[in-house]
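First, one chain by itself in structure tokens, the form predicted on its own.
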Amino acid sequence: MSRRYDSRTTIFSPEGRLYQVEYAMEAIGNAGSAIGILSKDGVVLVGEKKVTSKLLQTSTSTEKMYKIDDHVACAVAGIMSDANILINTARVQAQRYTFSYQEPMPVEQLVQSLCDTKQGYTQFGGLRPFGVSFLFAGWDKNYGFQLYMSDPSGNYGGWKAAAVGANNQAAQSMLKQDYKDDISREEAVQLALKVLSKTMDSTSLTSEKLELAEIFLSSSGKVKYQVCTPDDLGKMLVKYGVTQPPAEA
């Protein structure tokens, strides 16, 4: 039945479904997973890097984590070229707000404006939805630390812990079991790495296959976005018992 209705994003099927939008979500299901956890003193984002070939020169810049403004960052799952367009749009919107009002853009307002753009691509003919899901982490003076998840349909929601990408259902159910409301940032990192180690397709977790970023308040009260270096990430994986320490030569 779907074949007659899935050629365009603008046509509803008799069951009330938009197949093209659902297919875009399926595309994200094949991408490297990303997990976000909200803690009492920050937000943790962890992403899985898909290394397609050992001959590939791994990028020196991050592949899954992007800083949008001083107080907002995001983790990406899906088609990276689509994500780059949306990230640039979000950065411009954040700067325009700061230029106009001389203060950082509220996190939810930024997420909503980006989701409005995504929604437009599901309603007009000749366009395809963006095949990308985001986890937004940020801090503002209104609501403190926040974590939002958005999908290709333009829907978004605030979450305490969320997973997107491959095996996100399994990751989500593990997070539901183990998440506590008063979790600290260090515990959140430990939980994210544990969940990712159990839901990732590869057998062993190494620092080359992961990216970890945190948003927290520094001692001076400023919002700080920090990406974990591969060396520190490797030590963390050993410390939390996710991987075995390398054998001595």
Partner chain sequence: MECVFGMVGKGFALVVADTSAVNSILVHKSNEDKIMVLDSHKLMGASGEAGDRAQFTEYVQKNVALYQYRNGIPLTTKAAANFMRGELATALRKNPYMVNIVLAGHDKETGPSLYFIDYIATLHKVDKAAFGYGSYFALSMMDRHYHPNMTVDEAVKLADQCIEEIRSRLVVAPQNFVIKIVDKDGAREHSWRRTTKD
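Not measured: the values here are computed from a predicted model. Numbering follows the first chain given and starts at 1.
Although it is not shown, the form predicted in complex with the partner chain is what the next lines describe.
Taking non-hydrogen atoms only, residue 139 never approaches the partner chain to within 4.5 angstroms in the predicted complex. The closest heavy atom approach of residue 100 to the partner chain in the predicted complex falls within 4.5 Å.
For the chain shown alone, residue 109 is a contact residue for the partner chain in the predicted complex, at least one non-hydrogen atom being within 4.5 angstroms. Heavy atoms within 4.5 Å of the partner chain in the predicted complex belong, among the stretches 118-126, 139-147, 71-79, 162-170, to residues of 139-147.
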